[in-house]
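The chain below stands alone, shown as structure tokens; this is the form predicted alone.
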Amino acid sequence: MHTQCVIIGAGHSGLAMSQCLKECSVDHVVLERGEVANSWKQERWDSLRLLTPNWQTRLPGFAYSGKDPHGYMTMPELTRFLQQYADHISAPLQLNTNVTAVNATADGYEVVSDRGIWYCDSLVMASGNCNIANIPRVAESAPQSIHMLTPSQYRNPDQLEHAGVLVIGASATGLQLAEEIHRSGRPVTLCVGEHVRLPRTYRGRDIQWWMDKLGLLDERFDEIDDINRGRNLPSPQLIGTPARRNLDLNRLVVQGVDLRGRLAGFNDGKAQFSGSLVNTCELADLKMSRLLTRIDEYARENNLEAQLPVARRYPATRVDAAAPLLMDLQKNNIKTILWATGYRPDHSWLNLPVFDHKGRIRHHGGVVDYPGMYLLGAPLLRRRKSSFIHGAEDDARDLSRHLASYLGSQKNCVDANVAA
């Protein structure tokens, strides 16, 4: 089978690209290992909601139109939204098709799957950035008697022993799961490393509303001083709830969660923690304060003060400077370790020399260092919003135009010569 382009992945990025290629009159197919939005359906915990408000949930030619624009979608709501979008755009889907290899040919690519082989002139990798749990090597020295799992394996507290839980990682996932597990009656210790502290709302507006107004979400990858650091920043400490409430370390401490520094290792049945907890939290507080100051300045400069509540800052993170650096796991009845330490993509099927020394795909704003190959869905791919659902629209439009220009298929594609 031959087509001009193969898109691998039918999540929000792959579907957005499908619609944009359709507008560019590029013949293509979308290969998906499972169902539409497969990862959202199969690899998320039961209570998860999006971190972005519903009004921000949109894809090319399609947007949220429900009665709760300021709410946050549950996973069933999101998967329905994505299925509706796939139906709306009549995406050329090949579901339950697992790609096992991608090879170069004389004039394009060979895409091998368990349901056949496709030959194409161009390739879009939209298979997601969260395929493999990024478990640090220190896990190898954890006591074998302790059950270990990742957020993609976790569904709800009922699958855990009714005993202590050590949660590693204090970004959005780590905080949400630490709170949920602790509320189930299981004692939780949370290991805190570098994190981004953000309030859910500030001065009566969602923090995403402010980020949009300030233009931060549209900041381009080629405007960032340290792009590698930017692409590796942890996700912000946010939670989407009907009450639009904050979730930070202070709230967890009040609830009874025990905070420790970054996990340094295991030795003789004991967990070892870094002594940098105070400094780490002070730095996160400082960065949040700078952002809120910038918001206040924007409000003054744009005559919004009269429309907004008075500025009230959030208290500094309260941490114990004398937090113990060791924990005897057996004495503290720790039976489970949950590794909320992030993910990495799985491109093991890609048989091409496009990887850097750390195994990451070399690209410039999603244009891969190989003819006719593109990447979608990675953090800060082309803009700060690239990892959010609504960020896929602008990225897909840019890259579809570049792809169409590469193929010479610009029939209905406006501004096809967009710079990479």
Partner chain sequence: MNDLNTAVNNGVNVEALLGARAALTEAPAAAAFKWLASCEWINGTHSRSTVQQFFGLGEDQNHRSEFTFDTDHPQIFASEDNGATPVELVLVGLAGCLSAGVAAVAQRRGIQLNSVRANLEAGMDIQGILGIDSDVRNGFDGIKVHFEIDADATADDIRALVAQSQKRSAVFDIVTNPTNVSVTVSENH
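Residue numbers count along the first chain shown, from 1. Bear in mind the structure is a predicted one, so any value in this text is a computation, not a measurement.
Separately, the form predicted in complex with its partner chain exists; it is not shown, and the next lines address it.
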Next item on the list: Although its partner chain is absent from this view, report whether D346 comes within 4.5 Å of it in the predicted bound form, heavy atoms only.
Entry: no
Checklist line | Contact flag, E282 vs its partner chain in the predicted bound form, heavy atom cut 4.5 Å | finding: yes
Notebook entry, point to check: Does R229 reach its partner chain in the predicted bound form, with heavy atoms at most 4.5 Å apart?
Noted result: yes
Note to self: Quick check on D225: any heavy atom within 4.5 Å of its partner chain in the predicted bound form?
What the structure shows: yes
Next item on the list: Would you mind picking the one in R300, H162, R290, K331 that has a heavy atom within 4.5 Å of its partner chain in the predicted bound form?
Entry: R290
Next item on the list: Would you mind picking the one in Q153, N134, Q94, S274 that has a heavy atom within 4.5 Å of its partner chain in the predicted bound form?
Entry: S274
Margin query: Which is the contacting stretch out of 94 to 102, 260 to 268, 163 to 171, 136 to 144, given heavy atoms within 4.5 Å of its partner chain in the predicted bound form?
Written below: 260 to 268
